[in-house]
Ligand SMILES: Cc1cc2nc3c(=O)[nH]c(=O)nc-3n(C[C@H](O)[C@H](O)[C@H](O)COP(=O)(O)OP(=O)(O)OC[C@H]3O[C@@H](n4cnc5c(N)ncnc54)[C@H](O)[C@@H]3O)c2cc1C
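Here you get one chain, nothing else, as structure tokens; it is the form predicted alone.
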Amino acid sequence: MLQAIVIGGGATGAGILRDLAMRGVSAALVEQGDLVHGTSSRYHGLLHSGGRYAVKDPESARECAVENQIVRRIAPFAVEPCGGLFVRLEQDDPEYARQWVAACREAGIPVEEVDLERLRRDEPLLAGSVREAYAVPDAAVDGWRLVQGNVAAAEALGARVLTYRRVVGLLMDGRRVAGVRLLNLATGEEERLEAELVINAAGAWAGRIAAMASVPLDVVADRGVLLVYHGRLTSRVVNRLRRPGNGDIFVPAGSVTLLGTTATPVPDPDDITVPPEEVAELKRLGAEMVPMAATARILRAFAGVRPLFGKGTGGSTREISRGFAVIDHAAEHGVPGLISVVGGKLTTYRLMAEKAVDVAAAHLGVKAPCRTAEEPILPPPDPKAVERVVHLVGRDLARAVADRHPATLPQIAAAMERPGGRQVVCECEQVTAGELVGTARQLESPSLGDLRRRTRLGMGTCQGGFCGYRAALLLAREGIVAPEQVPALLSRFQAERWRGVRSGLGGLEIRAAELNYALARAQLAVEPVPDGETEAVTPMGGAGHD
């Protein structure tokens, strides 16, 4: 029997799994979709300096300031150290700016005023109405790479990971939680997994898990809409220097820029709809900081659901702390065998995991201390494999491939060295056939969505409209999926991509989407599956989550 089961394959769950494994605890992680299925992949990708919370939530700000530096050190493969700015526009309150600077210094956040003439040279697309600017150590972080790194490190120490398993119930021994009942979404079969302890790190779904043990858990599902722009509108993270609100942050990430975010409480954590009025609001507010945001090409709009812990005032989720809590349900509710961790930010995932595992270790009688802040998540990529990839595709692309696959680079290099392995399948993100094949062979039944999360396939300008076909046919040619599975693979992939461009977008964006849609219908008679079906996993083996 396992000592611990972790529910949730986001950053916190993956961090918990790594921490447990490093302390010698036998553990398994279960996730209802692919890894990073929820909030950890549906947010703006900001590694917080703490500046956004310095005034209203100083405890969270201090946590972010410390964890920002730790994550940079232990996960360099997932972090782009682009730096960050807070800019005050002419119409913003100068008194708040003074208050913010003092609060940052009190929280230990490095802050330095930036000369406006230099700022306009470095960030020429910023509005001319900027009156003050301050540099902070914000960064961009790739949630997928961070989670995959933690999982790979945990698996190397003996941990297990079970994806596409939905928790449908808890195994109860009287009042004690003794394990989980799972629905295998690929086979339709029910599975049972027993353990001494279950750790609920299900994010926005954590309340549902707690309810299975008849214990209350006050989790607020807070939906946020974001826009993805073609190209980098800014070279650094740019925050608006005012009280946090909608449309006040730009985050450059790879070949795109994200603008976020709104904040709307929703009763269902699966509600990731994108209201057109929120898209319009983001464009209007973003253009106040970066005027080109009003007309620049938007690749897609999407939403994620933040799991907030507690209640706000006046119905506003902006007033709920971004702090976290670890709940020992044995002590709080008389239900042993269950621990929940809720709230927090991706930036503080490691700290959340440490505190949760401290509680778990006390119950399990484990004395080993936490080492996750001191030891790198993964060793540097194999230097011989790096040189092999450099020889194939050049140093710049090799660096990107190594960052995407730090733990499995030798296998990726071998696939790229095969005939045709250097051929580029996705021009926008420079994903080669070898990278796709090498990645797909590591998965039990890969979908194009699974490959997208691991390689960035289809995340560029065409949004999968061209590279999706190449990738699906490549998988069939390599014998990874059966030829008859290709239409289903493409249908689900295109449906997910289509969903991101039809919510309130127009002009060039909708014309490009219509082209992709017409290609799907004309070439393969493929119709994107309706909303609500894109999250299904069929038993055919190759048409999973997208």
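In this text, residue numbers run from 1 along the sequence as written. Note that this is a predicted model, so its numbers are computed, not measured.
There is another form of the same protein, the form predicted together with the ligand; it is not shown, and what comes next is about it.
- Put simply, P336 is far from the ligand in the model of the complex: not one heavy atom of it is within 4.5 Å.
- Interface residue remark: G344 is counted as part of the site for the ligand in the model of the complex, having a heavy atom within 4.5 Å.
- Although the partner is absent from this view, N68 stays clear of the ligand in the model of the complex, with no non-hydrogen atom inside 4.5 angstroms.
- The ligand in the model of the complex comes within 4.5 Å of a heavy atom belonging to Y43.
- Shown without its partner, this chain lists A27, L489, V481, V30 as candidates; in the model of the complex, only V30 has a non-hydrogen atom within 4.5 angstroms of the ligand.
- Shown without its partner, this chain lists I199, A107, L226, A353 as candidates; in the model of the complex, only L226 has a non-hydrogen atom within 4.5 angstroms of the ligand.
- Shown alone, this chain has one stretch from 30-38, 55-63, 473-481, 492-500 that lies within 4.5 Å of the ligand in the model of the complex by heavy atoms: 30-38.
- Contacts of stretch 456-476 with the ligand in the model of the complex, defined by any heavy atom lying within 4.5 Å, are made by none of its residues.
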